[in-house]
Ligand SMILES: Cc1ncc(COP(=O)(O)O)c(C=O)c1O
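Given next, in structure tokens, is a single chain: the form predicted on its own.
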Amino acid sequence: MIKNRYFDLIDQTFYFPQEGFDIEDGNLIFNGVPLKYLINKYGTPLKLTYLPKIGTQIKKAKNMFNKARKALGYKGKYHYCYCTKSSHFSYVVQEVLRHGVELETSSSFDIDLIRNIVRKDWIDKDTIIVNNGFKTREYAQKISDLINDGFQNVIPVLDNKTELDYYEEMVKGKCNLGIRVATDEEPNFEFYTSRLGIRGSEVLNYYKERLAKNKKFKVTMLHFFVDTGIKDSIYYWGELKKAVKLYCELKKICPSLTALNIGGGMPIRNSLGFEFDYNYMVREIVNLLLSACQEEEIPEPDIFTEFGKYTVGESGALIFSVLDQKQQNDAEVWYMIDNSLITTMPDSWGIAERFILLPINKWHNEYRRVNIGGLSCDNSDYYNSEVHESQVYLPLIGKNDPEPLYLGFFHTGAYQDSLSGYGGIKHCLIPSPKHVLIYKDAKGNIVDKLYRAEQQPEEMLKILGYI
């Protein structure tokens, strides 16, 4: 007998259930949370953040690097930095800091965020704060003010040669520094070299000319970053080897250099078929550093990583109701949802990012190929492909079904809020969904709390100057 239910499609295509996803009474469970319960309580569209996942990710990465260090006899330390740009929300940063991590900033307002969390006693003046990005004068001034106020472990990372002039002028005492190396982009990218950082061929001479004899500054970090993140590719290993070689050369003339920041994050699951050997990659990175340093007879550097998407991405989800289905021709069926994909998941529209898409209910219905349409009047407001194939399959729905089909997009926790302008003006004035936080209380019980109600007309009209 041919099985044609949606559950059978998933069961035959992937290993299922799997971490974070299960089925109970024909409905989807996300990290132990029954999503139908949340839908019945709050309605849709609904954004949710499952905070315990953040700590799980941090612990995993720390364990992998520390196990690799111990197994290989690597003497340098490991530092986990959280990239605030991936999600600036206070509940995220607070959860992150509960797990003993350092912070990485990207802009002037980021330093105001740092000031606020210091006042809340979430960090103290000993926390390592890595300052990345192109520095405006305002950004450099705020960094310098932190240093002047006694923050011992602030590390401004030089993005260009003239940035040093700011700290010469603004920093009153001594100052740690990092140097960012401009990496080559992937061969299929439209630029050859990243706009960020100083050319690798110029780093040594720059250090000799501007920093070697300058007693005000101490270069402690070399920063390496590739936009595509950590992955097992010829490109990634080639760029990392170049950065390690440069670190070794710089270390020989710069005794204060103790840290290599390997920047770009690890991938997260964007499909039920996602495969990535995290332990292998971490071990190979640590081994590459160790082997190079032993060959050059220099101490192994402390390893810094800057994980943003990896930290918070898998904690997020968006849930929609299917309002109606439209048969536009003989082959194409549209499921119209109760919000806009452009405004809630801008990465799906802007860079064709794919997320895990699953129905919340009706897993025992037959399935069909569909397109998902958003509420806006923009022709690009759609979703019609998965990571593993160029189409989407979802359960069939009937005209007289007692409840609508609910759809969930999962692992949407990084970048989508800031890119879509959380709480601001939205395309076609479609409101931001309500936002629910899921966390565990002191007894370990799962608790849900409405963080923000669905955006109201008055909020947008006030911004637009009508009220």
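Don't overthink the numbering: it's just position in the shown sequence, from 1. Owing to the predicted nature of the structure, the values given are computational and were not obtained by experimental measurement.
The same protein also exists as the form predicted together with this ligand; that form is not shown, yet it is the one meant from here on.
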{"query": "Candidate site C83, F307 and Y415: all three near this ligand in the predicted complex by heavy atom within 4.5 Å", "finding": "yes"}
{"query": "Contact of G374 with this ligand in the predicted complex (heavy atom, 4.5 Å)", "finding": "no"}
{"query": "is_contact(G265, this ligand) in the predicted complex, heavy atom dist at most 4.5 Å", "finding": "yes"}
{"query": "Exercise: F225 in contact with this ligand in the predicted complex, heavy atom 4.5 Å", "finding": "yes"}
{"query": "This ligand contact at K362 in the predicted complex, heavy atom, 4.5 Å", "finding": "no"}
{"query": "Heavy atom within 4.5 Å of this ligand in the predicted complex - the one residue of N132, S348, S340, T183 that qualifies", "finding": "N132"}
{"query": "Options 139-147, 296-304, 211-219, 265-273; stretch whose heavy atom lies within 4.5 Å of this ligand in the predicted complex", "finding": "265-273"}
